[in-house]
Every structure is written in C-alpha cells, then in structure tokens.
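As a starting point, one isolated chain is supplied in structure tokens, in the form predicted on its own.
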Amino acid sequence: MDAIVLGGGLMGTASAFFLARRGIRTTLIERNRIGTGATVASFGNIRRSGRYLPQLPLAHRSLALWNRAEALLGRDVEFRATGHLRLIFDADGLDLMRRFAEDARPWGLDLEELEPADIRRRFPGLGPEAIAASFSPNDGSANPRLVSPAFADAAARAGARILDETPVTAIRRTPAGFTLDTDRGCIEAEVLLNCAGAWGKAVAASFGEDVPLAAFGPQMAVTEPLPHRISPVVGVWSSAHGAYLRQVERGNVVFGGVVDRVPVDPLPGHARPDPGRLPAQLRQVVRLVPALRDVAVIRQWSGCEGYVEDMLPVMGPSATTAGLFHAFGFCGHGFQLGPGVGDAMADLIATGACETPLEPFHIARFAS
C-alpha cells in the first residue's frame, strides 16, 4: 500500500511515522517547513482534564506514546510529566471541575481535588486566591518546536519520504487512488490522509465534504528567563477562556489564553499578535503566579489553528471517497492528542479498524 500524508504538523508527521513503521510506503507533503503551522504556535500542553469525554480514550493512547517518545523518536522532545494543575477561583469553577471529575472517572481519568492548604503546601506561590484546584499528576508538556521535526526525521528513518516546502496545486481522484500535482512533479498513492489543519477544510471540500471550520490564531507570549520555580502546567477551571502557563527548563514562562483568538486568512495563514491584548493576559497570569508581576515579556507570537463549529476534530475515513482519510480541525487542543492521532490513523488505514473509538469525530456528522 502507498499513502500520501498531506500536512507536516504534529498530526501529519506522527501519522507518517506510524504508517512507515507498519511497512506502508508513505510520502509526507508539507507546503511550508515541517512543524511551522498550528504545532509551532501551540502552548505545548499535554492535558486530559476538561476534554470531551469520548475523546479520553484517544488522549490515554496518546499519553502512553508521549511517555515513550524519546525511545520511539531517538531524541528528547522535552516531554515532562510534571503534572497539570488547574486552579479554581469561584463556585462555578468548582462545580465545573467536580462534575467533570465525576464524569471522567469511568473513562479512566482520576483527578485529585486540592484544598487551599494543599495548594500552598505543594505548590507555594501558585494561585494564592484559589479556593480549590485539580491536579492530574501524569500530564505535563513538551516542546512544540521540537516534536514535529523529530517525528518527521524518525518517519524518514523508517522509510517515509518527507517533502517540505512543496505546495500542492491540484488533487485528483484516479482509478488507482490519488494524484497530487506539486512543483516536484506528480505524486501518486492509493491512500490520501488529510492532516492539513486549518487548510483541511479545503481538501475535504474538494471531495464534496463540507466542514464548518474557521481559522483563528492564539495570542501567546513568553517572559525573560527566571529561576525555575513552577513545576506543573498551570491553568484555570472556568467557563470563560482562562489563562494558562508553564515554565520551560531554561526558565522562561510561556503563557496564553484570556483574550479572544484572532481570525486568520488561510493565505498567508498566520495571525499577528496584538500587543494591545497583552495587559488583559498579564492581569490573569499574575493571578496565577503573583511573582510574575515585575518580569519582562520578551516575545509574542500567534499562528493558525482550525476550529470546527462543534469544537471537535474531524477524524476517520471520508464519507464520500474511498481511500481518503481525515485528521484535522483540532480546535487548539490537539497537541496532547498528536501521537495518538498518528497511531490511530495508521491503524485505521493499515487494517480498516481502530481499537480507539473515533466515531464521534467522523466527518459524516456534517452531512445533513
């Protein structure tokens, strides 16, 4: 079997890696550089709390692979299971966390509820105003700048052909499968896997499948290097778009959230950060870690992420075209899922089945 993977972010490179490991002749095509789309704009959060419950089996599958990432890829992508702490500042947030914790337990996720004294003892300096928190000790973070190139290199060592900086000008269905026109010539395969992120909508539409997806850019920033004091990834339980942050091993604190995401034109496909939004972010970041009040912010950035109307990704076989598969539209929370998505899609393509339930994410849900 031959397969083309379209898109060189985490979903595409992980899929190419696991396909090649299964002996499938795989070509990955990326219009820009590997990992420069939604992946590089990502926060790097590896969390399971707060997810759509039927997504948890995929998240568990992915976490098992994150724990093996260095052995699988032959390099350190800075995955650290430092835990995920989500602070709670009001009664609504506490109710939200407790409902999720109860509902998630049958799905294999146990969250630890912390009282204020627990937070002060275990995580001094974090959320002094918090009335409670949840802690998921096996979650954590990884480096978004390292992971896609690592998967692509490992896929190449497993036999995949990696073509970056290769725009696709046309995609055609043929009796034998699919032909993609590129500036490197025509590339053919029996199977096409659409991992094109925010551009996945256009690929699906070319086969008569309409997905209500819009592109938005996050507002991300990072501080100067500081003494390392923050171990877990820190977020907030809230019905609003709360702040989140983590401290990398070099000491910088990466943060995002709070402000609305910026609409993005798919061409050129990158939002610009808005410095005017930074004060609103910083007010909430300081609520999480008051010691950050006087630090310098050294850089802001944005990117391009695909958001589906129902906030769920599109995964699985096409509803219209044999041999076409989709894995796109992860709505800004796909980083944790990446290795599991690649492994699951490789299973589905290679065997026609997947042990992880993917039905809630099938593109046919938009057919009506």
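Quick caveat: nothing in here was measured; it's all calculated off a predicted structure. Start at 1 with the first residue shown and count on from there.
Heads up, the form predicted in complex with a small molecule isn't pictured, but that's what we're talking about next.
For the small molecule, considered in the model of the complex: do all three of A38, C195 and F335 come within 4.5 Å of it, counting heavy atoms only?
So, yes: the whole triplet contacts the small molecule.
The single option of T27, N45, S318, Q300 touching the small molecule in the model of the complex, heavy atom within 4.5 Å:
Contact with the small molecule in the model of the complex is made by N45 alone.
Distance check, W237 to the small molecule in the model of the complex, heavy atom within 4.5 Å
Residue-level check for W237: no, no contact with the small molecule.
Given that the small molecule is not shown alongside this chain, does L10 nevertheless sit within 4.5 Å of it in the model of the complex, heavy atom to heavy atom?
Yes - in the model of the complex, heavy atoms of L10 and the small molecule come within 4.5 Å of each other.
Within 4.5 Å, heavy atoms only: does I363 come near the small molecule in the model of the complex?
No.
The small molecule contact at P149 in the model of the complex, heavy atom, 4.5 Å:
It does not: once the small molecule is placed as it appears in the model of the complex, P149 has no heavy atom within 4.5 Å of it.
Please name which of the stretches 281-289, 67-75, 216-224, 114-122 has residues with heavy atoms lying within 4.5 Å of the small molecule in the model of the complex.
Only one stretch qualifies here: 216-224.
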